[in-house]
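Only one chain is included here, represented as structure tokens and corresponding to the form predicted on its own.
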């Protein structure tokens, strides 16, 4: 017990840093006082207040991204002790020391732990992850979604575009153009909507293009790593089935 208390007096970090998008990454070590209920974000804030390494060298503050601090926005995604996850939900007391922080490698690094998630937003544009309606006048209430469908659709709507599933997926890398599990799951969500179903074929056509659903290798890393517990592999299986049906209908001219 005494040894555990001693370990908790200070928290040690090894942080991968990068000064610019085209700079070479390097690591720096930090040590800060432990406080109960600290998470990785509060620890980074402590380092920012006093940007000094373990050796006593003054440095530029570490850069990271965060917003909601309650695992909703997806901005604070990073690799913590080798696992992609949300920094706001990572409690220090549950992490093995020294705590290693790295930017996610699937995305371009802007600086330090800040990454550019543009590829995810471009993917959502590719699959038309929206419901186009004419908003110039009141259309009245839309069709109701059956409660059973609404329940599982709500689970898909929890996606916060954090990028963790792409980081965990071995098929998302610089050698492939795989769109990733998040966008595929969003196709299922919008195709399930009574109004979104009007554009279902367009979304399925996109999934049948290069970089679409055939890029999935079924490693199932995505569903294990998703911080919101979204059934990503179930969505991929459903979209695989729907694209196959769509392909046969196209061949038969139905």
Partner chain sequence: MKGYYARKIHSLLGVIPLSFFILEHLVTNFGAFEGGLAKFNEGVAFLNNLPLVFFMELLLIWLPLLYHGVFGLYIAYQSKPNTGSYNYERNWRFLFQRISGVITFMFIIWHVFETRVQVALGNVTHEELGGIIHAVVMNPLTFTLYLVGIISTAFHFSNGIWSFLVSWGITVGPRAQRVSSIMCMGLFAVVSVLFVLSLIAFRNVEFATALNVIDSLKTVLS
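The structure displayed is predicted, hence computed values, not measured ones. Numbering follows the first chain given and starts at 1.
One more form of this protein exists, namely the form predicted together with its partner chain; it is left out here, but the text below deals with it.
With its partner chain left out of view, the stretch that reaches within 4.5 Å of it through heavy atoms in the predicted complex is, among 91-99, 142-150, 116-124, 164-172, 164-172.
Distance criterion of 4.5 Å from any heavy atom to its partner chain in the predicted complex singles out 208 from the list 52, 68, 198, 208.
By the criterion of a heavy atom within 4.5 Å, residue 221 is counted among the residues contacting its partner chain in the predicted complex. Contact check for residue 39: every heavy atom lies farther than 4.5 Å from its partner chain in the predicted complex. In the predicted complex, its partner chain sits beyond 4.5 Å of every heavy atom of residue 18.
The shortest heavy atom separation between residue 217 and its partner chain in the predicted complex is within 4.5 Å. Contact annotation for 57-86: residues with any non-hydrogen atom within 4.5 angstroms of its partner chain in the predicted complex are 82, 83, 84, listed in sequence order.
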